[in-house]
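Only one chain is given next, in structure tokens, and it is the form predicted alone.
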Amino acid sequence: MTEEQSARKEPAVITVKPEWCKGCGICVAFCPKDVLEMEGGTAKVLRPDDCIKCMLCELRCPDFAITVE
């Protein structure tokens, strides 16, 4: 792997299923990079480029409304 390839960061693909999200805010509270915010009672991805793919939002969501790829 070249230095250029290792320097490139693949952006995370974060999907929130609004029909499953009950607006509890657990994902927002656990995100260490403030990628998510509550908007209109639903979690929204506002800063996907800041995501470090720690998966805490997906792991803590009680309704399986968030996926991180």
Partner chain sequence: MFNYLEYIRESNFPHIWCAGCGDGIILKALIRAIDKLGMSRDESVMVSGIGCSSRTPGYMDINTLHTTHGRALPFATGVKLANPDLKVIVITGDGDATAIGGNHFIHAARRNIDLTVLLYNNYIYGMTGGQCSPMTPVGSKASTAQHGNLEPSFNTSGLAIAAGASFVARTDVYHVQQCEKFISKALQKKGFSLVEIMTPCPTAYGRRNKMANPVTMMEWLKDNMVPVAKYDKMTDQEREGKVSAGILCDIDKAEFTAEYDKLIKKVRTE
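Numbering follows the first chain given and starts at 1. Given the structure is predicted, the values throughout are model-derived calculations rather than measurements.
One more form of this protein should be noted, the form predicted together with its partner chain, which is absent from this view; the next part is about it.
The shortest heavy atom separation between residue 11 and its partner chain in the predicted complex exceeds 4.5 Å. Proximity of residue 46 to its partner chain in the predicted complex: non-hydrogen atoms within 4.5 Å are absent; the residue sits far from the partner. Although the partner is absent here, residue 61 is a contact residue: one of its heavy atoms lies within 4.5 angstroms of its partner chain in the predicted complex.
Though the partner is left out of this view, residue 55 does reach within 4.5 Å of its partner chain in the predicted complex, counting heavy atoms only. Residues of 19-34 lying near its partner chain in the predicted complex, listed in sequence order, are 19, 20, 22, 24, 25, 26, 29, 30, the criterion being any heavy atom within 4.5 Å.
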